[in-house]
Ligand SMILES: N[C@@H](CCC(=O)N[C@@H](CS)C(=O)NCC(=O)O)C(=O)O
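Consider the single chain below, provided in structure tokens and representing the form predicted alone.
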């Protein structure tokens, strides 16, 4: 049995990021459902290891870590001694390459996900009578603004942080998957759609990014 335990539900975008890394790098783990309908994450025992009460949290042989982007980077470094051709490209060893990955991971947290989250939540998790259509439209416009910028960037870059798939592409892919599967009007983004076809070939995408939104 693996020493790595992951707490989190599979329909959480932050948990999906971590599970995607595990899938692409063949990292053995066991997962415990936690969050929303599963509960667990507000219990005293869980709050003891993650006082935020959010998912995911990992326990790697006694080492506790939370925050999805930190966990993704940790899993890459953890795998550096393993035989895997993907490790270096997922999170570059050179400091400039790593900095570009970190730049886009931060952009997800500060721009892309704050724009998408209320749009996703409103259309997927709120009842129709609870929706504020003007707020949803405002969020849609914010997502369009973010994706317009990303599409322009992809005109001269195969992936988010350069010519290779990296950790930076994972959370953006999960956001764009939600974008393409909401009942909304969407402008055409030529370069983003080309990139999305590429990331859609990844093992982690196929396993954790193809289910109906819930």
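These figures come from a predicted structure and were not determined experimentally. Residue numbers count along the first chain shown, from 1.
The form predicted in complex with the ligand is left out here; the points below concern that form.
Candidate site formed by 9, 54 and 68: every one of these residues places a non-hydrogen atom within 4.5 angstroms of the ligand in the predicted bound form. Per the 4.5 Å heavy atom criterion, the ligand in the predicted bound form is contacted by stretch 28 to 36, the sole one of 28 to 36, 146 to 154, 183 to 191, 169 to 177. In the predicted bound form, at least one heavy atom of residue 13 sits within 4.5 Å of a heavy atom of the ligand.
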